[in-house]
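Before any questions on binding or motion, here is one chain by itself as structure tokens, the form predicted on its own.
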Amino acid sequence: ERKCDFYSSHFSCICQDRSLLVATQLIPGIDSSQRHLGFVWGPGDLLAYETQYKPTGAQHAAQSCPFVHVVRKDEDIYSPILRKLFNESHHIFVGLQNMKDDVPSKNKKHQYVTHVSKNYRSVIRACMEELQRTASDIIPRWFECMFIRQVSILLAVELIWNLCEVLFIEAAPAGSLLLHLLDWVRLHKADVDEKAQEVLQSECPAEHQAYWDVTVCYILQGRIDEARQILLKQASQQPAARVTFKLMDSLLMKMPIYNPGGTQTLTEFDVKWRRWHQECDRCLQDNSFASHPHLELICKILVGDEDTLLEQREHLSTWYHFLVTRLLYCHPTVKPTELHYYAQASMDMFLDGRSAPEPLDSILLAAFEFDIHQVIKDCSIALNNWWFVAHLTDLLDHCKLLQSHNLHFGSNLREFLLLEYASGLFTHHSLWQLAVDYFDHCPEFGRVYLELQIERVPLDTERKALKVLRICEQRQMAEQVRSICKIMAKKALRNNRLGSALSWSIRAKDAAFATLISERFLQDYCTHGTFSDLDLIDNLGSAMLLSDRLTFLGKYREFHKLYAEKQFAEAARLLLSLMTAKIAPRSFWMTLLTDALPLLEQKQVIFSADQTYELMHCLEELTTGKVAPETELSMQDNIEATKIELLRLALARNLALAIVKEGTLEA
């Protein structure tokens, strides 16, 4: 694992304030000791207000707070840097769900899950590093404190995740377990490397004030090779004590380290380690290092003297570092089932009543007790969002570690936490798209939640509406598709964008709304003499069958195209069929008859005698009172009267020509 200077600069935040995991939000102006607090849950926010009800024993309260406060449940999703955490972890999550098809072997599956866990942690670390860089560039003090707090929370999250990876996912046996725990402590207690670099780069490392602190820290972390290298600096400066330093170097060199891939069994290692431990104890009893207090201190650590280890609280910083060091020098072959005993004892000894256990301590202790559900429960309470528990639970579920734990209200623990996390993402203007995949992988209630949440997505733009629509169409959510299309059609109609409104109503298969929009198209044509959105009308295809009015609109546009292409006979037949088949609205007949005038005035006869009689019949219907009231009013206009006279003359002339032509042909 790569160790970053980043860890050393912020790990002390966790050590000094392990209570930072619990976030308490005080609402200004509200005194909960004097008045009860009322609240209303929303999809993403909480409305809080002061009520008139007083708690038992409350004194006379001052004037109540007149404000309603909006409280966000999850502020982290609005952080630009933490949004990267959500985006990156989403890709890892989706990849893990597809593991069943890609990884057939059980052994390979375990390796893949471990790899996924490390990927999650690398994303957490990347976000922490970026938060640190951002915090150093920000001038406002309160803003910097907010970033540092986020970093500290992420450090705690990665600390818990790493331990869960060691104990639950890798499930290391005795011997290997301690090696994993040592790596865990070294990764999260990397400040010794920074000090060591400072010491080694000085003019005389052996005389540096932090020299022995670095040496002791190396020993406490089990970094024996580094400790030997740095002790050589001191040995070269003290020729008189060279024998003593050589003896210490011999003890360190002989210290057995278990090799899981080697041929040595755990029993053989344990025998070898006990012999080495006895040798260290003899050296201590013989006062071999009495002349050199620092080396004597190191020897006491090697024999696992508890009083000596507790004196190193400043270097150990935390009880779990103390635990791992104690196991290294007292119980290197500790079994997983014994961890909880040593963890509880180490925490009691290290805290020693000086401070009460904080939430982070309780979570780590539950992990050492292999109580997965308690870890998840405590993290759900302590952390300020569902990201950690949702992804960790999903990972543990893939390891078949949560199969026995079902909730009393229908869903299992994994699905419940994923639903809560995804519901929070849906309140964000862009992260809602990630939530869709989380709902997809919740087989019991995921679709129900998605149907409810997708309707709450604000359709601010047509582009966003198309995204939402595509999601619904891919999942065959017909009701939501219709709802979205209707909403967008009404928005477009309010903005007088008839083409867009018609397109959305066709997608919604809403015949009534398509009829309304078609009427608007015809009204605009009557007013301006041209159609808007010709591309849409020309390419209606089978969609024009959605409603009679839309069919008429499409056919009427087809008449105009035939006329423009000088296909007069086909245009005349289509125009007449629109009226005789009652497809055209009666109020539009005068417009159609007016459109027939140029065809009637052609030199060649376009309308036959029978067709002309049909046109004359339609005109008579309009002029004999079988018309709508608004048409009757328009007939009083001189222009309309002139049109009717022109139509009658044109029809009479065309009828005469048609009869002559047809009679000549018969003769």
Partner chain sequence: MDYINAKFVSQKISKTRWRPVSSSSLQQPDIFATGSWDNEENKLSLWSVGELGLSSMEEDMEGDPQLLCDIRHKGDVLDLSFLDQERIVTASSTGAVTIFRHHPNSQTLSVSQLWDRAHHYPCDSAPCTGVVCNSPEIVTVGEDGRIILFRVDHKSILRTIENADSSTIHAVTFLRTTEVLTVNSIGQLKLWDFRQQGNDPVQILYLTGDRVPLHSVDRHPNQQHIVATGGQDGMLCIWDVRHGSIPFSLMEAHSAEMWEVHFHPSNPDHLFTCSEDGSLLHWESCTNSDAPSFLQGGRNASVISRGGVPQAIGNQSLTSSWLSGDSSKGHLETTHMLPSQTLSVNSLDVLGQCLVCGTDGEAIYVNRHVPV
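Positions refer to the first chain, counted from 1. Rigid core: the largest C-alpha set superposing within 1.5 Å between the two forms. Here the structure is a predicted model, which is why all the values come from computation and not from measurement.
Keep in mind that the form predicted in complex with the partner chain is missing from the display, and what follows is about it.
Residue heavy atoms within 4.5 Å of the partner chain in the predicted bound form occur in exactly one stretch of 160-168, 494-502, 227-235, 208-216, and that stretch is 494-502. Contact with the partner chain in the predicted bound form, judged by any heavy atom within 4.5 Å, is made by just one of 94, 574, 487, 597: 94. Among 173, 262, 443, 80, the residue placing a heavy atom within 4.5 Å of the partner chain in the predicted bound form is 80. Shown alone here, residue 462 lies within 4.5 Å of the partner chain in the predicted bound form, counting heavy atoms only. Of the heavy atoms in residue 432, some are within 4.5 Å of the partner chain in the predicted bound form. Contact annotation: residue 285 falls outside 4.5 Å of the partner chain in the predicted bound form, judged by heavy atom distances. The partner chain in the predicted bound form is not approached by residue 290, whose heavy atoms all lie more than 4.5 angstroms from it. With contact defined as any non-hydrogen atom lying within 4.5 angstroms of the partner chain in the predicted bound form, the contacting residues in 467-495 are 467, 470, 495, given in sequence order. Once the rigid core is overlaid between the shown form and the other one, residue 493 counts among the residues whose Cα shifts by 2 Å or more.
When the rigid core is held fixed, the Cα atom of residue 211 travels less than 2 angstroms between the shown form and the other one. Residue 528: CA moves 2 Å or more between the shown form and the other one after rigid-core fitting.
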